[in-house]
Structure formats: structure tokens, C-alpha cells
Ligand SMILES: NC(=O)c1ccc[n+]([C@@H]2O[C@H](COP(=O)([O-])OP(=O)(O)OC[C@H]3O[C@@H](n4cnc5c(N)ncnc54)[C@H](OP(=O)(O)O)[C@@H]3O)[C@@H](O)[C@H]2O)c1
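Next comes just one chain, in C-alpha cells: the form predicted alone.
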């Protein structure tokens, strides 16, 4: 079992899919007593579900949720910032609490202006968090205690992989890993379609494609080898794999990935202007 978090109370503002995924990881790893995890839910039905499923303390009153919490996780959608994070909530947060945000496109500066005097950690997790295979980039703001950074690493480490970065790199992280699952699902679907065209049953083709992506990613992470080295290990001279790779290169798959990342960066920049 992982070492428990050094927190007496952890608060979540937002108990949606991403918040639930993090709570699931924490409780499954035994990092905290579930009753010491307080969650602010939008509806009573959702609060009841979170309590019944994970044993957490789920309430409708966000001000009560954050009271005396040593860390407050902002697990709401970015467009809810102005309505959900009001002065009443900010005033209810303990003066020594660290604010941890999973909100995309909301800067540390903006969060610090709402929760004045609080240390802020900004993160960018992705949706595979829900199955314990997420990728979370963690960007601590100024004056964040090292203990709080280590707590953030533990929280997200029980839901997948973590990476410490600077906030200036968050947009690039979003374009690669934040949006990345969407790209991968397209590729899995395409590979499965190709398998069906080759004569495989649909379910078999999807399983073969999905596990191939999952296993290949695991090999990169666990061996530490460059993807090109691992690619060469399965590419015999004049063989079948190099024929397939040549077709991918002719189809500009590599260039499409460059374009996808740039499209996200361009769109993110455009959204900041609105």
C-alpha cells in the first residue's frame, strides 16, 4: 500500500468525471480515510452516489466542503470559474490551504487572484485517469511548499504517470497528452477498421488495435527506449512491417500529428481572446 497523504482533510470542488477519477484513485490506493475527503457536488443525487460508492463526505455546500481543508482541488470546468469560485467560497478556505487546479486554460495568476495569499498548483491530467492510466503534468506556482508538490505527485501518481513542468509548458502538454487520447482513439478506430477490411470480426479488430496501442506505450515507458529504437526492433529489412510504415509515411501520418498539436495550440490561443 502507498504511503498515506499527510492531510487531515482534502476538499474537492466538483465531483464530475475527472474529480471522481481522482477520488477513485486515492481511495483505491488507500491514501486517505475516505470520510476525510470532502466533495462539493452540484446535485444531491450526485453527492449520494459519491458517498455510497467511495465513502467520501459529499455535500452541496461548497463553503462547508472547503472549511479546514489543507488542500482544495478545483475539479470544475473552466467556464464555471466565475460562477462557482466566488468570494464566499474563497473566504471559507483556510488561510494555509494549497489550491490544486485541474482546470484547463485557467492560469495560476487567475486562480491566485481569486484565492488571494494561497499557494497554487496547476495540473493537466487526461481522461485515462479514470482507469488508473492517466498522464498528469504538474506545474507548481511560486512559493508552493515542497510537501504540497509531493502530495500532488502522490495523488496523481495513484492514477497513472506524472511529470513536473513549468506553467509555460502547459499549453504544449495539453496539445500532446491532454488532447492526445482523442488522437489515439481515432487511430485505434482506423486500425480496427483496417482489420475489419482484412476480414477480422469487429470486436476482435478493436481488441487487437487497442491492446497494441496500450502495450506499445507500456514498452516505451518501461524500457526507456526511444520509440524509433523499438520500431526498428520489429522492422526487418525488406519485411512486412517496413512496408506498412512506408504506407504510413506516404499517408503523412507523422505530419498529421504535427498538425493536430499545432491546431490545438492555435485554438487555445484563439479561445484566450474571447
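Residue numbers count along the first chain shown, from 1. Not measured: the values here are computed from a predicted model.
Keep in mind the form predicted in complex with the named molecule is missing from the figure; the text below concerns it.
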Heavy atom of residue 43 within 4.5 Å of the named molecule in the model of the complex: yes
Residue contact check: residue 191 to the named molecule in the model of the complex, 4.5 Å heavy atom: no
Distance check, residue 139 to the named molecule in the model of the complex, heavy atom within 4.5 Å: no
The named molecule contact at residue 80 in the model of the complex, heavy atom, 4.5 Å: yes
Listed residue (173, 158, 102, 120) with a non-hydrogen atom within 4.5 angstroms of the named molecule in the model of the complex: 102
Contacting member of 111, 97, 152, 75, with respect to the named molecule in the model of the complex [4.5 Å, heavy atom]: 75
Interface segment, criterion being heavy atoms within 4.5 Å of the named molecule in the model of the complex, picked from 183 to 191, 121 to 129, 143 to 151, 161 to 169: 121 to 129
Contacts with the named molecule in the model of the complex, stretch 5 to 23 (heavy atom within 4.5 Å): 13, 14, 15, 16, 17, 18, 19
